[in-house]
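Two forms, one protein chain; structure tokens for each follow separately as structure 1 and structure 2.
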Structure 1
């Protein structure tokens, strides 16, 4: 019985006909009132796991969410789909609060989104008592990793949520997060007092994301190359310092690519204006510091660039995971240099946070960055996923963009020997200049143009040699000193390789394959599939219609329809309401409300 009711609801309110992996299992746990812990990657569809049961189960579903801006979008989307939902948080005026309370008393909502401090903070008793009288059917705790210090976004108020159990006895509790590590999972279960929970852990691989890694060379050039692949598409560029954020945003804007900065140094009002401009598609590119990327989720982000390495693979997964939440193809590029890791160590040390755990996390991040191999596999294995298949078809390695050196050991020895000959007293760029035979002022002044290693790699670019040096650092053959200006020095392993060429079996080195201007880019599978038979002009036209409609209604565009839905419209080109209903993402309510507007655009496009 429940199954068909559920499938009905899915089609009617969301316009979907199938579930994503583990959604059905997660929904069943809620319907059976069994506590659960659901770990799905960003974009995996966690919201549906508590929204769908809220629609089919009698009573009120309570959703705890830490992010006020996301709360509003979710509620707007639900209401747009015909699901009565409300929210209660500090952004409401006294009058709005009274309206919500009246709505609760009148049993008008299926879901109520609440921020944690409203439930456990001062004066929350009255509100809890009200909830207890509303017949709460279950509690969903979104972003549940916020309860754990091992997660990446600890929020002390989350610690007190276990109290809900006393206020709402007999109500099942369901935790949702995208943070996969076992430690965080254990912490969530313990802190929330979950009872024999159903644990569902999804696959962390995001096949729609293409991962690329570039050794940092001329950053602006590298950014322009990436942006050229994403005209009029949304993207986030993460930088490590506020200064860099401001400079890049201003420079991009001057280059004709409007971009807004987003970081803690901006005033609250300005930040919220910039976030709003991004969400409502008035600007497509946001340059942000990682610390402040949380609220800037937009489902059709097509690229995320890190201009600097994050401090752990968990952080990278979380931040890059903001790309392609709508399931369509997107690109994640990490532009890094070994110095990034150095900076992190110095910074963490200064804050007294450079624990063994922090060092390990940094080293693992460095191994990802400098590693040569399938990026999807690397990430999947890191998170304990078994990964099927040899070639993902969606990373720089599998797409054939890297060229592995034919004789890595010889190459490594040339570089190590050059480091030794400049006396281990210079940085990577100087070493690269000597190897390339670039007689720069500094090289000549030091007499390094007379060295036997001068000009050993005449055809290599600076970026290429720096890339090799970084890979040798990650392999433990070289290391950077922690001076303000980092010097490249040999490690014991590096010395050993200079003495004995057999000491480092299995060493690989690779460089970015040079791209010819006329060469067509190899596309990932996801990209090819999601554009299959899509009339691109019509898609762009529908985006404009969506934007206009969103502005009239004062909601972000993706609350109207997701990109995936617009692409399907531009693929199937429906001209009747019936045909429109067969488009994924168009439910009955949406078809009623918006059908004619979009049908008119499709019809007129075909004339």
Structure 2
């Protein structure tokens, strides 16, 4: 197949003139019918790697996807681009299923999305026989990390997909995921039975995302500060419990920030309504458990907040990566406390899931949360990726929002000494009160106001001292007990540092710098570059046009155009169809269908 055929399809259906890194190589593996494993970060364009070859190669592309919402998002977008695609899952009525089957037999689809349960569950033999008769050209397994017990969304059904080799002999299999360590990649290859696969692993770094970590203090105040930076923008707030989801969503709404809850405890119809409200831009904020988000493709998710630490860096990478999928700037904030990790251990142990692997993943997440250094570098190197450059310019550390302690060893020994002198029988708040010289009733009743460590850190806030304690826990110098009320106790490493100040070289401690309310916000490089030469008033006008058009057509706004495309329009300000086709994200089909609507808005704005 000539390169021009693929390039023509890219321009016609997706409006792009160039491929992102590794996309062409991944597409070539599909076109050559050679098994492959492709790992591209969220927003890296992995879906195009199996959608484009489905358009230019004869036959039916079978796409296995874990969530109905994910299938619907992708099929809606494909159909909007002029690509014949369908889905077959439990959400369809009997009549709709018959229509899809008729379409398969009539060769009307280039892509068919199905769930793994449909292929390996009870009664799947007849469906597999139907597919075998439809000329399946290749199989794409999306979100392939679900196949691995070391992955963050393990799905037992995925481990049975190797049976497709028998049902569809000679058909190549291609695994795609956004998040996979080397161990997970090996597991995917083995479980899917991939044959000498082409392995393509892109950079895990997302330079458009700004990563921040905040020790949990007054959560509601911290959330309001974050939301104030993102007025009229979309975001997701993740919580670890359903109760907290419901409470925060109700509180935000009462505060004048409409928000909807999403978790597995809600009825299916209510979850669907809330998700549709978010995707159709009737509401900007969703408060959710991890049940929400896989494949969510809203056009302008500009922030993701974790109001509590997730159980692994894989989970965090996947969930925070739902921001900025359009390549534009977005903010990812982790608000955590050491108690989060204790809760996870208790929960996993109660479910019989606290394996050595789970313990390791929790420990690695804790090290990220309390670590001092470039967040982008930490995440990239965790996934085996090298991070170039000294400063990412897009995290709290590199933006100068953290202030490192001038004498971290002295500070650490003061805190460790206080823990020892209160008998290792109290929690972090009590230790912080003693160090700050706060003569609370409990401190005075215990006589701890007479200790030599009382008032050693008089100018530090409770949040600051607790942050230091959490960093010492992550460094292995302190630990929390497994009691219902967790106590802070010394580890052997902490005892050694008390005995010998030279025993812990390289120790770093830091605090959040105080933020002046009237100070101009420091902008990341990605944000500065993405707005360069953009007419912001025109951009907002185009957003209104997009929303109106989407509602008239009954589709989510992202099916019309993404924010990145609208910003490019507001930068280039095209006034003809030919000029519009030069805008990234505007293909021939969309130019014919939507061009005059958006050109009219641009022309009227320039009058």
Ligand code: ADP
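Residue numbers count along the first chain shown, from 1. The term rigid core refers to the most C-alpha atoms you can superpose between the two forms while keeping them within 1.5 Å. Bear in mind that the values here come from a model prediction, so they are computed numbers and not experimental data.
Asks: Pick one: which is the form predicted in complex with this ligand?
Replies: Structure 1.
Asks: Superposing on the rigid core, is the Cα displacement of residue 276 between structures 1 and 2 2 Å or more?
Replies: It does not reach a 2 Å shift.
Asks: Relative to the superposed rigid core, does the CA atom of residue 529 travel 2 Å or more between structures 1 and 2?
Replies: No, because once the rigid core is superposed, the C-alpha of residue 529 moves less than 2 Å between structures 1 and 2.
Asks: Core superposed first: is there a CA shift of 2 Å or greater at residue 90 between structures 1 and 2?
Replies: Yes, the C-alpha position differs by at least 2 Å between structures 1 and 2.
Asks: If the rigid core is lined up, how many Å does the C-alpha atom of residue 125 shift between structures 1 and 2?
Replies: Displacement of the C-alpha, rigid core superposed: 4.6 Å.
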